[in-house]
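Take a look at this single chain, the form predicted alone, given in structure tokens.
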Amino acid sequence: MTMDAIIVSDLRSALIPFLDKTPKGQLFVVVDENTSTKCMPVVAEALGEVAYETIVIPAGESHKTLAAVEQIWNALYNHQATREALLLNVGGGMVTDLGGFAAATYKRGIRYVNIPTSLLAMVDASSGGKTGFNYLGVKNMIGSFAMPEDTLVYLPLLESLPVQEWLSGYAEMLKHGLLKDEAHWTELLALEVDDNECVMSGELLAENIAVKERIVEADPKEKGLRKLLNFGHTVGHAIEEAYHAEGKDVKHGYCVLWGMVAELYLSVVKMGLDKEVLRQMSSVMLAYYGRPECNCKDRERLVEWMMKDKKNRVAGEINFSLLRAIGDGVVDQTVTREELDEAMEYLFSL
């Protein structure tokens, strides 16, 4: 397997090799209601005179469902897409997850290319080959591993990104910093993240993307090492599901950041992680993200969602990836209920 994300300076030139292999009438572009107006004009300019069909799906995590996948399948079928078709997924993580799954399963698989339009999608969601959708209230319960032909990271698509989206992506960047080394972690902490010029040079972004790429290349089907990328997501996904259950919108990266605070607490208790790392992440949370709306009264419900997490290996046990030190993660860890309650209490009390 080769790394699948590249930062490109000329989107049209980057697309040409894929367009040249695509028969006439077999190019399809998936966008959501937001990226269809904010980002698609940039992509349309890059496509030039090439004909394509646009598939617009609803925006928002509440629409990351089988119904949205069926919408893509139906459009492909109605426009007589063959196995030679190419699907361009233009959007954030929801679009790349849904479009990737639709491509992986339509006629047993067609080619797809991701063009991420958010910082979070660029550093995390659009690369690595994880595709899927939410099911029965559980995030990404149904999915497959299906690598894109490529992920084209085009930085001008970030120029109009609101600060909340920058912060959402920054959370995943911090996770990669913790998994890499002290130097990268320190460099990320020094960023002025309310300034969207902070990663526009591309150098820091490329370094951060490479952290995930190296892990995925070593373990593409998440049998071992790749589970490290789930750090912060066990608690984070439960918080995200709690918001959605009440019909509230929340950015995925915010939930990951909150999840990392709780799981860093567990890392201190279980793995002997230096408390200074927990203090640093807690300071980032208070400075930029605020507290989650959940509180200690929600613990039972949150634990119930964690029990349903797809990453668990044994029924009745919650699986975590934790840190012994920055750059030294450990997968397949379980904790006692008392330890988990303490971690959530710490998070909610900040």
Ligand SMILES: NC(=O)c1ccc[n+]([C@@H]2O[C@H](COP(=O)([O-])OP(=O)(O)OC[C@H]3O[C@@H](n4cnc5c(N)ncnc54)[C@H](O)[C@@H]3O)[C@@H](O)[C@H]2O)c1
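Position 1 is the first residue in the sequence shown; the rest follow in order. As the structure is a prediction and not an experimental result, all values here were calculated from the model.
From this point on, the text means the form predicted together with this ligand, which you will not see here.
The shortest heavy atom separation between K212 and this ligand in the predicted complex is within 4.5 Å. At a distance threshold of 4.5 angstroms between non-hydrogen atoms, S118 is in contact with this ligand in the predicted complex. With a 4.5 Å cutoff on heavy atoms, E165 counts as touching this ligand in the predicted complex. Within 4.5 Å of any heavy atom of this ligand in the predicted complex lies no heavy atom of K227. Figure note: of the listed segments 321-329, 287-295, 66-74, 38-46, the one touching this ligand in the predicted complex, with heavy atoms no more than 4.5 Å away, is 38-46. The single contact residue among L161, V277, L204, M271, judged by any heavy atom lying within 4.5 Å of this ligand in the predicted complex, is L161.
Out of the listed residues L264, A103, V95, A171, V95 is the one that sits within 4.5 Å of this ligand in the predicted complex by at least one heavy atom.
For the three residues A125, K130 and L157, a heavy atom within 4.5 Å of this ligand turns up in the predicted complex in every case. Heavy atoms closer than or equal to 4.5 Å to this ligand in the predicted complex belong, across 245-263, to one residue only: H252.
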